[in-house]
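We begin with a single chain expressed as structure tokens, specifically the form predicted on its own.
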């Protein structure tokens, strides 16, 4: 092992163990109840709420996957910048209702919201199963990212498979120990490092290689001009439909709900959604690095390694170590939140419904055991059933977004009932499954997930109109009206 390898690997491992220590300290000598373990006692202020959500949202997909798609396909990756504007605008108005549900009904998971809105344990079970099924690919994405990061950052000393296993073990320790509180503490460090590396280290790569961003694009226009336009099969229809799908589905991810519940008040929550778009601009340097690698004519066996390759050819080894640490931060911050969320769904909305007599202490134990279960399951998939990072993300979005009609219409339309909600979700999922795994294409270039959502909306509205209102809307609205600011 040469000096460069030792330096790079030391920096990455030092950051990993600092994160581990901070995560463990967050829960040291604390006896968590379920609310404390899953939503940090509903007491997070603006700073910790901001870094918690930023870390959850901007993951290995943002740090590696966007650069990989910029390298492979070019301009279609710009949907990743566009959908954030739609998502945050929607979230500013939607999240306040979810926070009120958490306060009034003591909700701690996404499925809790559906259960109290529709007064249906069956619907809560369906939502929990959907959340678990389609969030596992998103978790798998993070672990694959960890493998790439530790492999490249260590100059191939650590294999991708070893990186996946090592990263998963680190996360399992502090999530098991400290729950959401540990994730919030570690994300404070992770978010700072991610933003710093993106704008200081990555943004400089095109300047180091070409002298300026404009020179890089001029070279790209000569080397691969098709990278600068939307092109089939990722043309205008795909771009717009994928942007809409992700913008609407953003707040349907189960891990968004515990974060919303954890805000200490509505003012903190609203300020958070005003500030979060500022963090999203960190993807711009990531995408530019992907374009830079193409303009240089470098061939990569794995496109998702484009960002780390850009750093490796532009900086000394110690900077690659910092970039590797930032990549680990991006993947670990999101993966840890997903693992905890899946554990909450299993314990609160599957186990507790099956065993209503379960005590709070028992549910905390089940949550912790579930953390280990989901972490190991996702690790197995990452090791033996790998896929492109952005492809895994879009598969997750296609399924998760099918909860949108029931989630949103349930807040404002009194005719919405559990039958309409269940019917729409199941039909939407059936369409997504057929188009993805049966037909294997996007009809007319429109993303298969948006086709599912379109049919879902139609079925939901028709069933709601064909059935009598069950009174759940009035009872629900009356109760959440008691929530303060």
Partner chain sequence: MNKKYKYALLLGIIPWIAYVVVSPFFNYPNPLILGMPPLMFWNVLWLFLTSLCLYGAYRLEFSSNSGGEANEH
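Positions refer to the first chain, counted from 1. Remember, it's a predicted structure, so these values are computed and weren't measured experimentally.
Below, we turn to the form predicted in complex with the partner chain, even though it does not appear here.
- For a residue to qualify, one of its non-hydrogen atoms must sit within 4.5 Å of the partner chain in the model of the complex; none of 351, 361 and 434 qualifies.
- Interface residue among 411, 284, 125, 296, judged by heavy atoms within 4.5 Å of the partner chain in the model of the complex: 284.
- The contact residue chosen from 397, 374, 185, 273 relative to the partner chain in the model of the complex is 273, the criterion being a non-hydrogen atom within 4.5 angstroms.
- The partner chain is not drawn, but in the model of the complex it has a heavy atom within 4.5 Å of residue 93.
- By the criterion of a heavy atom within 4.5 Å, residue 291 is counted among the residues contacting the partner chain in the model of the complex.
- The shortest heavy atom separation between residue 137 and the partner chain in the model of the complex exceeds 4.5 Å.
- The closest heavy atom approach of residue 355 to the partner chain in the model of the complex falls outside 4.5 Å.
- Checking 142-150, 254-262, 129-137, 71-79 against the partner chain in the model of the complex, the stretch whose residues place heavy atoms within 4.5 Å of it is 71-79.
- In the model of the complex, 85, 86, 88, 89, 90, 92, 93, 96, 100 are the residues of 84-111 with at least one heavy atom within 4.5 Å of the partner chain, listed from first to last.
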